[in-house]
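The same protein chain appears twice below, in two forms, each given on its own as structure tokens and labelled structure 1 and structure 2.
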Structure 1
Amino acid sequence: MQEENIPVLPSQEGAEAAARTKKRAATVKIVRLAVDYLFLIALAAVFLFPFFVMICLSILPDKDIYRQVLFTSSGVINFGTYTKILSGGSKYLSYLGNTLIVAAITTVGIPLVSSLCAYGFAKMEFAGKEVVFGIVLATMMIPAVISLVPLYTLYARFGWLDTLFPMWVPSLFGGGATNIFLMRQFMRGIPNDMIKAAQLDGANSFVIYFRLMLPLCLPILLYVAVQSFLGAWNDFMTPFTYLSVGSKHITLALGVYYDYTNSSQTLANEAMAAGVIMTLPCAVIFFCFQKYLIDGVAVTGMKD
């Protein structure tokens, strides 16, 4: 509003006015920046609030749990919750072990398998390619619950119930339509000339895939790997459906649900500590790979 007044200022005071305007503009800029930052920080506080509460509650002494406070008045920090959870032989460690097995297999396996399939769809020529790819894409539209329930009987036949197999074997069969789609998009961006050159050098298709494509696809491979890790880490429905309560193979997500959600047996601070420990690897991985993740998401949404 005030800026609009500037042109009507008398001309003889021009130089002085210009300086004043400049100064004012600078002030306005600073104020605006400050407001922006204030808003940003306030929003960050809102978004980080759940983490904050979780951490605060996890170190609360037992007797303060029912007092509806975030901070203890006694000045005592209780790390006993963490030591209890992580002490040898605790159930949590076995959950962690199972989850790590599944996460390790899928984090390595899914990028490899899906890149293999994507290579077939992106760079190979064979009859019916488009149809097959169309069918693979169409499976994305099928709600997961439809197959989740009948697969139970199939896994029962395989003897897979109460084992870790349902959590990782299916994902090694192609690695999921979304991942194949992403990889294929990425590979199509790699010029065919390079492949032709390699072919002239006598390289077969697998060598081209392994030596040429994989290194070039590194960003998207990393993206898929991180997503697979997070997926395996957080997956709830698969273990919930195929593992029975008290099974040896319960993973973190399910274990935390059974042991800590709404259970009067455990105190809130212990539950929160379990949550913090479960969240930590996700946060660390995210901070390390955030560039690939955020840029990778950009690829996901765009060209369909």
Structure 2
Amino acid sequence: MQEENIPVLPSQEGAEAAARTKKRAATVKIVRLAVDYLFLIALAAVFLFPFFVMICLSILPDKDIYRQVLFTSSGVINFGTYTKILSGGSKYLSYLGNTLIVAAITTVGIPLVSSLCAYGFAKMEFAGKEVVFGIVLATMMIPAVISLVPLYTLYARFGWLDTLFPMWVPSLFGGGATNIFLMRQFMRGIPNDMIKAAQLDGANSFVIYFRLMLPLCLPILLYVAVQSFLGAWNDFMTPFTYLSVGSKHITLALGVYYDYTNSSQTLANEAMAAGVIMTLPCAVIFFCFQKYLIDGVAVTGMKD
């Protein structure tokens, strides 16, 4: 029996074409996503390779250091470099203590003082506010090296050389123009009606700042706090400028430079172990607070 030709309706042809187009678009999307991921993996491998080398060298036995290899042929993993650095008699613990003191003060102090300044610029009215804020922003254009000699002379007159004061006292005077700017931008996104309602309830400016503004500014406060900690932890130039060799107030970055990277008597595995230990807290903090680090600047674009 001869089969009859069943005509294809235009609507069916359109549906099949749409399905093919949708399938083709999905395939293209998958291919692009795969290419993007491969590119990002390759880029991450390039940036992480120095850290991989550092970790491998840190666990090499002493006899393999002179062979200039990444992996030991004996299969022995040497953790003695880490125990040597973290032992009770190591100067590394003293460096760590000094760094934690500076980092703790700046991590707490900078967000508070910068948010206090930003609150005045964002939510309070006074004569010359915009002019003063412009002057604050203008300080961002001044290279740090220009103020190095005047600050050194000033701290020498104060008797602050070979102390921790130059590392944390200046940061508490405003918290930095960048942090003030970020805080101000975030606070401008908070409705003024909330402040007016609090004023009607009898709250003064300090009550509004502590009980209203600070809780609402928690995301940007955490962002500034993390950045302040990382800045204090990795700071090298400030202690290098104001601390002399052998000072009891030497911080971690400077101590690693003096004892491990600037000494011909220190093996490479011990120096790399010191680098791993110094890098680890920064990596942990980044993974824990990466949301605030990535989104911290983006949310500052909100305005009234």
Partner chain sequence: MKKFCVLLMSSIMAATLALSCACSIDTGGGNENNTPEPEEPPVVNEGAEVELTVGTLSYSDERTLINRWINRFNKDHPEVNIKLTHQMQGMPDTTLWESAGNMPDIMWTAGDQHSPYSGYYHYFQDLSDEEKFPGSAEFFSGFYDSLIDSTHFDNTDKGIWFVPRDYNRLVIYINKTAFAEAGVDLPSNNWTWTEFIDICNRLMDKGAKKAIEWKQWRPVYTTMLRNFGGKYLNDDGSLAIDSEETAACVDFYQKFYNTTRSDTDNVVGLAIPGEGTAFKAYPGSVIGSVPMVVDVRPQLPAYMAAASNGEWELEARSFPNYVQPDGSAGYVGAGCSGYGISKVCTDEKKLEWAWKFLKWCMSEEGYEVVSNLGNIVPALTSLRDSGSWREYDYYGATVDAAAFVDLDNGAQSIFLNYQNSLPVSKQDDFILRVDDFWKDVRTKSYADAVETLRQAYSALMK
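For numbering, take structure 1's sequence and count from 1. Values in this document were obtained by computation on a predicted structure and should not be read as measured data. Superpose the two forms; the largest set of C-alphas matching within 1.5 Å is the rigid core.
query: Which depiction, structure 1 or structure 2, is to be taken as the form predicted together with its partner chain?
result: Pick structure 1 here.
- request: Could you find the option in Val76, Glu130, Ile208, Pro50 that lands on the hinge when one rigid part rotates against the other between the two structures?
  value: Between the two rigid parts, the hinge is at Pro50.
- request: Please report, as a whole number of degrees, the rotation of the smaller rigid part relative to the larger part between the two structures.
  value: Between the forms, the smaller part turns 12 degrees against the larger.
C-alpha positional change at Arg32 between the two structures - rigid core reference, Å: For Arg32, the alpha-carbon shift amounts to 5.4 Å.
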